[in-house]
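Following this are structure 1 and structure 2, which are two forms of one protein chain, each written alone as structure tokens.
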Structure 1
């Protein structure tokens, strides 16, 4: 079915570790590396080979998967720690981290110059999706390479090729924009109901099953009704996402008015209200406060 045998996984944190386990269970030979080595060593019991360096991990890899914190870290590990040089000719780097589209495109260009392939393939679905192999995988890059990687993706979730290099990251940003704005939508709706004298929990129940239904109304709407904002996804992470979204919009001359309004209010929630570490559903508290941010 495939000529892919050896996979290196660089970054075995909350997401990377269960993804590596899925690959091991699917029968791939997996070599793992992580900056803090204990997290990589924990995977030895599952059958992974543990490498002492990122460059050492990729020397025999057909496919290198990176699952790292942000664009700067991916750039540093791949091009600053000798990964690109150490990868066999023709090997594919599949970057499943969430990073800006422009950085992903730059990585693709640089890897082409060293005789390698690149897919940007960020995911949605969280640690549960990673453990169960049900991640939504949004892939950008050449169709032929996407097809070649199909068995690898199949072990981790449901891949869709959404376009050329950078398109996977754009898709992830589209996902995060919908999440942030829909949280705002549910917050305004439940606040309107509550201040007007309705029972917000009953309203949430009543409107599910209609056109207002969403995963956000289900999960984050419940957090708002319960006024329970333990994360989940943090406000600070949502702010980082909104900044990347607005920058990507500006690059293509696109104003994103709802994304911008949500961003301003998340900043106010973090900076004025001290809510940076709350779940992003806490946008509810900022809108409830009635404070209009100046910036």
Structure 2
């Protein structure tokens, strides 16, 4: 039987809200906070307690989950808004945001100094995975702490510990590199089919189950065929991830040419075509436009 009963969720946007609902359904007492209070208040109907401040949300928490925009925001909320000081001694902060590995390692060090534990545990699976509890959870940190909060992870998806602090974020970067590059490959393939006179929807169905099968071909390929780009994962988020991927590569002296090319095209989709708030599958539209971004 787990000793974890109280969970605080800081950040209840597209991903954080359905994750909080999964935790509530699993029987945890959940307190929520969000910078835009309406997003947190919407969870009251599901049984969540709504806190007026981030520090107030964590005062009785065994586990604090952060699902925030970027590393700077996580740093500000945890260390600038009193969260680290307000967390009970021995509590675990699980950062499920996507942030640079170096920032995650710094957070782990700082929290250890105040008597707290830290796991970096970014996720993949989008809003559908968050709602269905099928997220891929990539965790970095101590094995003992990972095992301790296994019931919390189980309510949200499939967790795998991939190494020490920062390794979860490295795993997410690997995931996002594959996602971004594969979206481009699927877009090129479907455009080739369409421009050559084939039915792209039928082509997508024909090649599924073969070596080209992937979650990207399934979900994002359908978005491309339907030309429906309501965001699950936004272009702006993919750009942030690609920037972090390239920076992490530079830190270890690794050139990532495919990631760099996809990044340039996402920037063009956002800046020239105004597609920053579209789903990242809208890279299809940038490639279809025929425009080659200037290096």
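Positions refer to the first chain, counted from 1. Since we're looking at a predicted model, the values are computed, not measured. We call the rigid core the largest set of C-alpha positions that still match within 1.5 Å between the two forms.
- Between the two isolated copies of the chain, the form predicted together with another copy of the chain corresponds to structure 1.
- Within the set 172, 78, 141, 32, the hinge between the two rigid parts that rotate between structures 1 and 2 is located at 172.
- When the larger part is held fixed by a C-alpha superposition, the smaller rigid part turns by 14° between structures 1 and 2.
- Taking the core as reference, the Cα of residue 254 moves 2.5 angstrom between structures 1 and 2.
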